[in-house]
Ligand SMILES: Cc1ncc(COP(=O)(O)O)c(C=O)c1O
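Next comes just one chain, in structure tokens: the form predicted alone.
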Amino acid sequence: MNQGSGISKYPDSALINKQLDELIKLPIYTIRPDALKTYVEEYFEKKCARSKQIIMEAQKIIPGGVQHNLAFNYPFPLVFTKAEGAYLYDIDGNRYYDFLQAGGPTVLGSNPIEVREKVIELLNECGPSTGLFHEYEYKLAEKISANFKSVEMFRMLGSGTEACMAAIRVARLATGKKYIIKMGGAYHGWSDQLAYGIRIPGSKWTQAPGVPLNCFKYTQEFFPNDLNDLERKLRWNRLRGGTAAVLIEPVGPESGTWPLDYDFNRNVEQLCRKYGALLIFDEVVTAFRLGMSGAQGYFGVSPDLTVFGKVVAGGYPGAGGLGGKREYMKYLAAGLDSGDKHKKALVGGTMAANPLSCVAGYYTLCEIERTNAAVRAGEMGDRLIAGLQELIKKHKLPFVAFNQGSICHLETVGTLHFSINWLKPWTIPKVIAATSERKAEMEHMGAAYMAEGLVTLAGSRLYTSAAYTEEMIDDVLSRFDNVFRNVAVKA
């Protein structure tokens, strides 16, 4: 079993957070208006005409013209028709380097033939779904359990959002407590009770329009890297019924955009044991990307429950699951009666664990292990970030570039590094306005990257895969160089 780590060296989180603190104090550096205008006119309007035509028609029947938030980009979304290895292709025939990676799960690169052949074989023999048990449900669960020591049992679900919902229900049943504490700024899906404190630490309910405030009665947030803040809430909750679980992304909120200290997770685990709360790791991005044992293997932590995402279906539909220790996973039992009488969490999903997703997931994990893909992807992340840091120095820009293995960050405006202090309510409108302005400039930078053939996540996050080569990364850096030479202080 290959247990190589996808992180060669953990970043200095204190230094990075200090740099990000300085970045948000500075004026905004962004693509010059004249350069952006040229990119729009010469690239998007001339070379992406079919995409624009389709999106204009799609807007008539699809709200916003796209079905997924990640698909939007300035000045209009592009229509992608092919994915292969490290590349994406749009309907106009333009080729791009893929750093979106479907939001993170394609550690091998897009559409690997080793997995695709198994999926086609399944479709020819069985079809994508029967609603009944398939042998690969067991094979996938066993594969995950064999690599994650804390995952004694695994239940496939339809998405990471569903897995987070299930984790909370299990935690409440197992502990008899109600409060859930999540890390501020982290995204754990879009269920009502977890749409709290997302994007900006301290934001509470302000980023969740459409959700009644009483849905957040038992949800709290604590600030990243702040153990004292977490313990204050755990101590206070103990006086009124206790905390069912602490839910965190182990590299920091938004896939480590606000990076955590290396020993932070172990300290959180100790606090959970002290106060009788379950520890839930959201490894939607980090599982199998940071190594075959995920972030928990890297940090040496044993969470009680682990949330999995798209990677366990190999990027195919039906993409999520919940794993954990047997004493807690028993609350998800859906089949044979073990004789242990206890309430079971309300969890469903007709298409969960369909044959297609389980076959794709199983062979994806086998291929990641066989090829040491997490390590290879991490090496490409190291090369990308080292090159970006050199370009930042070359162009004398205040940007911050860092990575946790193949999870790479290029912060040009620091939108997600703001926070809200409710003890100073007069500052809240200023923070909201600042983040809105900087988000718009992230989109402009993202458009420049796209016109240079680089698909990123929101213009600030980039996932590398094992499909990249050193030569590809060097070409990518030359394209970033083209963008950076057209950056200036916003007027």
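All residue numbers are counted from 1 along the displayed sequence. These numbers come from a predicted model, not from an experiment.
Although not depicted, the form predicted in complex with the ligand is the subject of the following passage.
The contact with the ligand in the predicted bound form, taken as any heavy atom within 4.5 Å, belongs to G160 out of G324, G160, G197, G294. Between the options A373, M183, V170, V284, the residue in contact with the ligand in the predicted bound form by a heavy atom within 4.5 angstroms is V284. Per the 4.5 Å heavy atom criterion, the ligand in the predicted bound form is contacted by stretch 187-195, the sole one of 92-100, 408-416, 187-195, 343-351.
Residue contact with the ligand in the predicted bound form: V151 places no heavy atom within 4.5 Å of it. Shown alone here, M156 lies farther than 4.5 Å from the ligand in the predicted bound form, counting heavy atoms only. Among residues of the shown chain, A319 is one whose heavy atoms approach the ligand to within 4.5 Å in the predicted bound form. Residues are counted as partner-facing when one of their heavy atoms sits within 4.5 Å of the ligand in the predicted bound form; in 22-50 not one qualifies.
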